[in-house]
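Before any questions on binding or motion, here is one chain by itself as structure tokens, the form predicted alone.
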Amino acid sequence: MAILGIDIGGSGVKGAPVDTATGELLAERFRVPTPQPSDVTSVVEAVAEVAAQFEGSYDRVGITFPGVVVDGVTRTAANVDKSWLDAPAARLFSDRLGKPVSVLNDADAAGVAEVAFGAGRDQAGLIMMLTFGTGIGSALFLDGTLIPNTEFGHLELNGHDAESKAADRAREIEELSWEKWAGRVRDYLAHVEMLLSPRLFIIGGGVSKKADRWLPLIDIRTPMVPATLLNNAGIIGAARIAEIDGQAGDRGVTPHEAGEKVTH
């Protein structure tokens, strides 16, 4: 049976059942608007509305969340209602859906998908996915194993929170040219490169669809590639983690946060 992946975003909650062997969606995505305010009760009901569209076609659920998630508990809530601070998200979703649920950070989920099925597949060593959107999300992998809940978008850069200057939102708000914005992204990537020396940067977020307009303007040592799964990455990665957690539970060991590989 397929696993249902659900991606909670700033504007929409979307989901679909996923073939976790291939990373393909098994049905057309279903989307509802993200509730405003995005408090716990409203978001849980929005997730339930998405899940109801695929009832009977899945036995586990993976859900992304725009914040730090530790042991199924949401520890930060920068872009959602503050009622999510320290909320037992996995239990709340599981109780509502009547299925086992895994919850993980949204950037981590996108990275899991890219490493398992996309631009990071079969890549060894330290790999970093960065999503440029409203902020800068980060996902870090060592030999295919997720190191969860990194927040490298909040590194200090030239006296500012990096995402306040180098996120795609900053480009739009300040009406920056691609060249001007690429310069900021270059400074940010060079800083991360200096700290971590990754083997590969995978560049995601909506702006990755226009990578040909700005990625060639960035000159750093680390290879850079655009993400390939785009808007489906969160759904696919969430489902993959739900599968890993299910397998770990069957073996009686700790799930993905303890270091299960996301690759096959």
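From 1 onward, residues are counted along the sequence shown. Just so it is clear, the model here is predicted, and its values are computed rather than measured.
What follows is about the form predicted together with beta-D-glucopyranose (BGC), which we do not show.
The closest heavy atom approach of S177 to beta-D-glucopyranose (BGC) in the predicted complex falls outside 4.5 Å.
Although the partner is absent here, K99 lies well away from beta-D-glucopyranose (BGC) in the predicted complex, with no heavy atom inside 4.5 Å. Of the heavy atoms in H154, some are within 4.5 Å of beta-D-glucopyranose (BGC) in the predicted complex. When beta-D-glucopyranose (BGC) is considered in the predicted complex, N158 lies well away from it, no heavy atom lying within 4.5 Å. For the candidate set I136, V103, A110, V185, a heavy atom within 4.5 Å of beta-D-glucopyranose (BGC) in the predicted complex is found for exactly one residue, namely I136.
Stretch-level contact analysis of 177-185, 114-122, 140-148, 78-86 against beta-D-glucopyranose (BGC) in the predicted complex, using heavy atoms and a 4.5 Å limit, identifies 78-86. Applying a 4.5 Å heavy atom cutoff to beta-D-glucopyranose (BGC) in the predicted complex picks out P66, G67, V68 from 45-75, in order along the sequence.
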